[in-house]
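Here are two versions of the same chain, shown separately as structure tokens and labelled structure 1 and structure 2.
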Structure 1
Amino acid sequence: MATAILLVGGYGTRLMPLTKNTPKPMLTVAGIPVTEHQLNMAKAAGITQIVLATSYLSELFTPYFGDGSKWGMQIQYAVEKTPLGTGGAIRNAAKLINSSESIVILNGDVLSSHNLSEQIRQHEANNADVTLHLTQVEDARAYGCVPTDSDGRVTDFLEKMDNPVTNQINAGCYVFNPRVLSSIPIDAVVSVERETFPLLVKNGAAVYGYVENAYWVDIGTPQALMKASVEIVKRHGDFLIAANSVVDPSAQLTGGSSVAPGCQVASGARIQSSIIESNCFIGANAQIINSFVSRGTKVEEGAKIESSFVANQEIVPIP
């Protein structure tokens, strides 16, 4: 059975100040951390062994995920003292994997509903070196552009171009045959997108695309983060409240809002299209609209917060 590496070590610069004390993959989307959504997705594809490739704020993952048994998984942690880049992180995390099975690699800030089992199946049927999940977007400039030929072979890998040659992009979920790991230098800073993939393609390695346009989002920008949470909540209803949070019956939650575990929402509060992380207290009659409230925040009675990030006692307009 395949194992998985989750790349969760980036700085999350575009999401400051939310990412000052919380690594981007630990930010809450629809009531749970992004990484937990990914664990659930990997588990659904039958994967139970996971390595978290951590660096920035690495110490934040272990208290939450532990050994993974709560999710019926085995989780290990690879820590880079200084970030090794996406390729270096994969190589470093793979030291903990002792298996000749396929390795699934997930960018830690992507939520995807694509059929991972089918991606793995095609990878193995093709005896591929790497199989990349590809999807189509309107504006490909912020992504890796990945043209393919009529057999689904990747013909080029062009990370972040001004004039994209195709709107078919790297969706940040790869299946690796372990034999390709040796093409990544050990303990070095390497970008899989700018170095490893272009080199593999140039050398004629069997690099395939798995094209599927299922629900897909990279939560790495403020707008995308907010939109993703609202969309996921709305699949099930107009709002979501974690089982052990207490919301006064007179409070109103609307527009895809979510309240994570350990929160208290007082009477008359109105929360619209917002994310409330764990252990927050929302005072009586407070209004929170289109905003992200970081874990442990106390929102004063009657406060009005709109289109803002609330973190570390700061209230910052969403850029």
Structure 2
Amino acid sequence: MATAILLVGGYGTRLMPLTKNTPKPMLTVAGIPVTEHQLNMAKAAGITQIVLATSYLSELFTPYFGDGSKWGMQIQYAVEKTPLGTGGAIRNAAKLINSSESIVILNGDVLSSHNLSEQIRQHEANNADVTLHLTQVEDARAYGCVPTDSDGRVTDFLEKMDNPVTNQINAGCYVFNPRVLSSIPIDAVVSVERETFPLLVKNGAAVYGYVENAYWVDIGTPQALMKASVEIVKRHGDFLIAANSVVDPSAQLTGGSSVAPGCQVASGARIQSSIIESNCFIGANAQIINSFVSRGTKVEEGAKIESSFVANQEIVPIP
């Protein structure tokens, strides 16, 4: 059975101010942290052992996820003293894995609904060194592109260009054969995307692409994260309220808004296309539009907030 490494160590600079006090993988999307979405995806693919590769604000993961038993998983933590890049993080986390089975690498910036089980199956059927999830986009100029041959083998990793040779891009989920880990230096800053993968292809390694155009989003900016949350909520209805949150019947929730656990929303409040994190209080007749309300925040009665990040001590426009 495959094991997994989840890369959750980045600073989340592009997500400021949302990541001022919270690591980006712990930000709430559709009522739960980003990381919980990824654990659920891994669990659905039969993965029960996972290592969280942490660095920035690493101490905030353990209180929430613990040993993973709540999800029927075994979670371990590999803490980087200083960020090691994607490759260095994978190599560091792999020290906690004692298995000859496939290792799935999940990226803390990405939410995807692709068929991970099929990606693993194809990887093992090909006896591949690495199999990358590739997705096709209308305009690949904003991305590096990843061409493949007729057998699905990756032939190159190309940087951004005005005339991309393919519309296939790296979607950030990889399946590794453990034998390739030795190609990544220990305790060094390494990018698998810019260094490890191109070198493997150059040396003739079996690097394959698994192409599937399922729902996929890079949540690296506030706008992208907010949009992802709204899209996920709207798959099920116009709003989402956690089971143990209390929302007054006269309050209005619309536009894919989500209210995480432990919240209270008072009478007449209006919440539109917004994320309310856990343990918040939204006062009577408050209006919150296209905004992100950080966990534990109290929004005063009658407040009017739009396109902003809200914490107890500050309201900051989302750029």
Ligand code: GDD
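Each residue is numbered by where it sits in the sequence of structure 1, with counting from 1. All values derive from a computational prediction rather than experimental measurement. Note that the rigid core is defined as the largest set of C-alphas that superpose within 1.5 Å between two forms.
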> If only one of the two is the form predicted alone, which is it?
Replying inline: 2
> With both forms fit on the core, has A142 moved 2 Å or more by CA between structures 1 and 2?
Replying inline: yes
